[in-house]
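Only one chain comes next, encoded as structure tokens, the form predicted alone.
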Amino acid sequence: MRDWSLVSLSVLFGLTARWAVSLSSYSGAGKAPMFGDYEAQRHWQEVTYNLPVEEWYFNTSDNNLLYWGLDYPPLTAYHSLLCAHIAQLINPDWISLHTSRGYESISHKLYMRATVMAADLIVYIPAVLLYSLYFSEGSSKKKVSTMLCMLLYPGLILIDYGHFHVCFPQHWNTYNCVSLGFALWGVLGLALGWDLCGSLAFCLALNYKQMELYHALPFFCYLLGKCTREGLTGKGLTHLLKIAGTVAASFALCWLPFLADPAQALQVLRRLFPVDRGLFEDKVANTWCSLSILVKVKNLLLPQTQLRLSASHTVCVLCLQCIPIVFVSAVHPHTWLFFWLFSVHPHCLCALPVCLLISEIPFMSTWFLQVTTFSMLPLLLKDGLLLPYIVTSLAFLLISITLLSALEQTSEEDLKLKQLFTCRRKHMPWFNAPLLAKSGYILSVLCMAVLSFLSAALSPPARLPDLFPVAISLFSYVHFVGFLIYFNTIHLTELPSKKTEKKTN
């Protein structure tokens, strides 16, 4: 009974933090004529409710695609339609065709925030509870602490309840809790051995937000490897065909209204992947934006060449990392980090697999999640979310340190580097991994605090208007490369026990 009381209090704490952040400003508030991402969500409800499905993704007199045109998969459109029907019952003015453009009010803001909260409660939070309480290791207290840390991850809260966005493909969006929740349900399905259910859940995630492509290849390789080991001429082939049938049926149902006319399906795909914009969108912590500080790739190469370069690098590094999954049956965060660093647009989507490791490697996971939140600071400052950023970041740091003892778990064994340093100790007897880890972490946190203060308090020089965003982007990118090396190292050197192998599977 006491454990369930702690669970209830933790969930309540997570919901309170979400609602408190939702009372803050949002993207594009009062900024006509385009307003912002909040308006995009409202406009999608207007479009899906008032127009036939054949016009949702097409440019017409009633649907100007240049004004927040729908550019997410069908499941997002259906969700917007559901929210629109509820909005129609409350106040039809919120979604009236044309006349509702730029609509803003306190009641509408509360409604929009409530739709995010409802989606969170239905999809994401139950998946977090199930993973934390039944799949994470440790005592009951540690499991509840893991759950609380996952629920209080500032990056997701600030995106969904503050800035109301996610960076891909044409603008910032929200409801990340839905796609990440479905993806987590997919992970849980595979962990339980329910491969068909896991495949279905991940297909829903992919049909809600195309950014779930970040996670798609590891899912595919894991399932292919499992079928291969069962034998592709017998039981394994049957299992593979069942998975393929589940995936095909899931996509067919989600895309059913658009499959009658091939032009419809092609137009949806064009809207989902607007490659004409080129490789660069904003000052983000990926390879290309960081490289452009030294080499102006944008000026040297044509947009299409930039995209081919990005795609080829992403595919190459992902294949190198995902092919072993077919044979080893273990998925590690570095596969998503490669996609993050080399793809067109990065995002905190790869924070999800690291969240799943926070009870196993609390020190490095906490550090990584803090950096992902810090990397979004320029966007948060644009919409007056400095205070929520500070409060949520400090709360997450405090809880990770006190409940998970993150700063105390820096030994070679805690960092999963014991085997590596056992081999290297005879050559480097002076090397002190715990001291180096703690020192690096403290220095990193201090630098993040200083950069946050400078970004919020000072104006950049006139000749360097992007000084602080670029500095934050480069600082975060260096960290992500370091995390990539770390996770790749433990993946290559650690010999998992049966218990660990069961968990990673």
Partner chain sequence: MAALTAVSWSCFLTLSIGVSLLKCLLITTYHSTDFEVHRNWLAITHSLPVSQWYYEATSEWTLDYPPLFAWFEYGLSHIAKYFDKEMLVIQHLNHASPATVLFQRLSVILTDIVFIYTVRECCRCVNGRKESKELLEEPAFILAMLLLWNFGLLIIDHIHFQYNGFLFGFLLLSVARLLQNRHLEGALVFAVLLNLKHIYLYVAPAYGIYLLRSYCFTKSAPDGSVQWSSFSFTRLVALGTIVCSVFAVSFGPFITMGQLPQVLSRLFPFKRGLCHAYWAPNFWALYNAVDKALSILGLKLKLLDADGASKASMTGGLVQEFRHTVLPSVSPLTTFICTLVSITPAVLCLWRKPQGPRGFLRCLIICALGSFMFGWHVHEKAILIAILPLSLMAVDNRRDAGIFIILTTTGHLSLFPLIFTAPEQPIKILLMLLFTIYSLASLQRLFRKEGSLLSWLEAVYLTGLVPLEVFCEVVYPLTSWQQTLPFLPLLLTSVYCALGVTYSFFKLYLSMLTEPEGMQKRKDQ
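Numbering follows the first chain given and starts at 1. Just so we're clear, the structure is a prediction, and the values are computed from it rather than from any experiment.
The discussion below concerns the form predicted together with the partner chain, not included here.
This chain is displayed without the partner chain, yet in the predicted complex the stretch 381-389 from 381-389, 193-201, 355-363, 91-99 comes within 4.5 Å of it by heavy atoms.
Contact check for Thr402: a non-hydrogen atom falls within 4.5 Å of the partner chain in the predicted complex. Taking the partner from the other structure, the partner chain in the predicted complex has a heavy atom within 4.5 Å of a heavy atom of Ala17. Among residues of the shown chain, Leu9 is one whose heavy atoms approach the partner chain to within 4.5 Å in the predicted complex. Although the partner is absent here, Ile485 lies well away from the partner chain in the predicted complex, with no heavy atom inside 4.5 Å. Just one of Ile86, Ala244, Leu394, Leu237 comes within 4.5 Å of the partner chain in the predicted complex, counting any heavy atom, and that one is Leu394. Proximity to the partner chain in the predicted complex, defined as a heavy atom within 4.5 Å, holds among Leu213, Leu232, Ala249, Leu110 only for Leu110. Residue Lys141 is the only member of 137-155 with a non-hydrogen atom no more than 4.5 angstroms from the partner chain in the predicted complex.
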